[in-house]
Structure formats: structure tokens, C-alpha cells
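Form predicted on its own, single chain, as C-alpha cells, below.
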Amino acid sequence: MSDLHQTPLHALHLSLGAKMVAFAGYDMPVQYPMGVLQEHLHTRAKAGLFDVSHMGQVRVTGPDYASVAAALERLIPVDIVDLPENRQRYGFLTNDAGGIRDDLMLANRGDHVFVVVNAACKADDIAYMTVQLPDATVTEITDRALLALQGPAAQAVLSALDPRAADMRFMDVATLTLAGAECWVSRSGYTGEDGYEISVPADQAEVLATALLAHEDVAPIGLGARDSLRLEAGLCLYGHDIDTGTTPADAALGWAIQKVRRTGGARAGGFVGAEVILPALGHAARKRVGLLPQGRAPMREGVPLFASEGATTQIGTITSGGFGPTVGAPVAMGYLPTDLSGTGTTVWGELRGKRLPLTVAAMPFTPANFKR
């Protein structure tokens, strides 16, 4: 008997012929009969439907939004106080050493902050926030599923169910009625494409998913294509590209820390690890970079990197890598010393005992198509 958790869409995945794998304690679809390559290309061309119900949905409430936002700013180094109502932004929880405990999305919902955290971290995140925010109430939402509809056809598909979806901008959040269900929707995603993430009551999730899949442009997409899509988009996977030993400066995520929270800003610092993170912005010794292997062989997580073909000292490591179907070639990301992180620099990866060249490249590897 499996001790894996199941999402509310588990039976639907099986009926669609999904290959299931264990992921973050859940039984999740890694691919469908279409296959990872075609699922990836379908999402880029039309629209893909992802089950991301394994992720943590959390409501943080208090006397009012301002007090909750100010409290959260002690844990998260982004501008939450000034975030307009019904807007969201990317952020991360940090530790005393300046490392990233988890990355997340947070939204101003008027009377509370809605937070979505990674599946593998959610129990620790919720426990941590509960202790660190004694004057707020941290509640895990366990009766809702989470779907992602991604791709250039996403707006047409979703606005056919609720026309208000078309009016949303990138990073807007709204409450929409979809297939009879009250859904909390953001216009965002993890693929580099336009799209939406949809929190739906668990008992209505299959009805909504079925309605979306009934559209000729929508196909179910598994974790395999989700990973290749986010890699082409230059987006981090927690526990691989970022972790508790990675600072935002290392990870090239300084853009997520607004000026108001930086040195000289009106609410500079005041967050966990600030004394490490703020001085490192623009001065990190290492940097996350995009890498293009010169050849057809993908270089995956763990491949060591060297400054030259004959060098004996390792200078970095690939943290994510694989074949990029849109790019039509292998793509990867990893960490290099900052002085070797410039676009066009050649480094060498050791693959099965052989040194092969890679070129440092700008990310994303394929242009982002967010709705601005």
C-alpha cells in the first residue's frame, strides 16, 4: 500500500493514461501518452493543463493587511506592504546565513495574504511562519486543489468560462467563476508562457479540469514537461538551483528585492539574513548562469564544471540540465565564479569521464510570453 498522498485529480490522471511517479510525497503524473517532448511543444504552441495541487496554499491573516504585510516583511525580503490589492509577486523565505529556505508566490487579497509554497517545504514553511508570526494566523488551505493553465491559448480557453480572465494582467489575482466553482486565479506560471494558476475547491477540481481539457487546444501535461519548460524559461527549481546554502545574490534573484527593502531604502533590511544578503547584491562571489552545451549531449544536474579542458580544480556545478525542445538543443543552468560568468565564456563539463565545452548564455533560453 503506497503511503504517497494523492491530489484531488488522481483518478483523472489514471483515466488519462498518466505514468505516475513519487514527487514531494505525492503520487504525481510525470507524463501522459503524448510524451514529454510533445507535451512541452503543445504547451508552447497552445495550452497545457498541470496539476500542481501538491504545492502548499496558505492564508496569513491578522488585524489588517498592513500589519500582516509588515510582519511578513521580517521573513521575506520583498516589498509586501506596498503590494496593491489583487496583485502578487515572487519572494522567498531566508535564513540567518542569507540562504533561501523556500521560494514562493504571495498575493494581497485585501483582508489577508495568500501564499503558495513548494510541496517539499510546505510543512516546514508553515511551522516556521506560525512561530515567527505570533500576532498573525497562519492557516494551511487543505480543501482546495491547484491547477495551472499555461500557453498562448490560455486566455482564450479561460475567458470562455469567465470573460474577466481576459482583463487580468501578468501578476494580477482575481476571484473568477469557472465551471460553477469559485476560483482564486492568478495570471502567472512556471513555464515562461502566458497562463493562469487556479485554486479551486477540491470537490470541484475534476469538473473544472475536465471542462478545460474539453477545449481542443488544451492537453494534460506532466512533471517531465513542466521541468523542461521551466528550465528553458530560466526559472529555478527549489532544492536544485536554490537551497538553504544559496543567497539571492548567488542565484541572480536580486531583481526580486525591491529598492525599498535594499540598503538606502525606506524599509531597508529588517529581514532574516539581511546583513548577509544586502551587501552581497552585485558583489556575489558566484552566480547562477545559463549554459549551452556545445554538442547534442545533455548535461544534467551534478555535472562538475572546469575553467579549461585540462584544469584539475572544479569551479562550479550544473544544477539543472536537459534537452530543450523549443531551443532544439541541450540547455542547462549552474553556478560559476562571477569572474567567469559573462555571456560567451567557455567552460568545460565532465560527462562520463570526458570534458566537453559549454558556453555561458543569457536566460531565458526562449523568450518569455507573459501578458504585460
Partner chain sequence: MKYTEEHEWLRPEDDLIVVGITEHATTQLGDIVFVELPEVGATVTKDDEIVVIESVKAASDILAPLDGEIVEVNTALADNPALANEDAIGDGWFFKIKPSDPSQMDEYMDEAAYNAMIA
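All values derive from a computational prediction rather than experimental measurement. Residue numbers count along the first chain shown, from 1.
There is another form of the same protein, the form predicted together with the partner chain; it is not shown, and what comes next is about it.
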Worksheet entry | The unique member of 37, 66, 311, 45 whose heavy atoms fall within 4.5 Å of the partner chain in the predicted complex | 37
Item to complete: Identify which of 285, 297, 214, 156 has a heavy atom within 4.5 Å of the partner chain in the predicted complex; exactly one of them does.
Response: 297
Worksheet, complete the sentence: Of 100-108, 298-306, 71-79, 263-271, the segment with heavy atoms within 4.5 Å of the partner chain in the predicted complex is residues 298-306
Fill in: Any non-hydrogen atom of residue 19 within 4.5 angstroms of the partner chain in the predicted complex
yes
Worksheet item: According to a 4.5 angstroms non-hydrogen atom cut-off, is residue 323 in contact with the partner chain in the predicted complex?
Response: yes
Worksheet item: With a 4.5 Å heavy atom cut-off, would you call residue 31 a contact of the partner chain in the predicted complex?
Response: yes
Worksheet item: What residues of 341-359, in sequence order, lie within 4.5 Å of the partner chain in the predicted complex by heavy atom?
Response: 352, 354
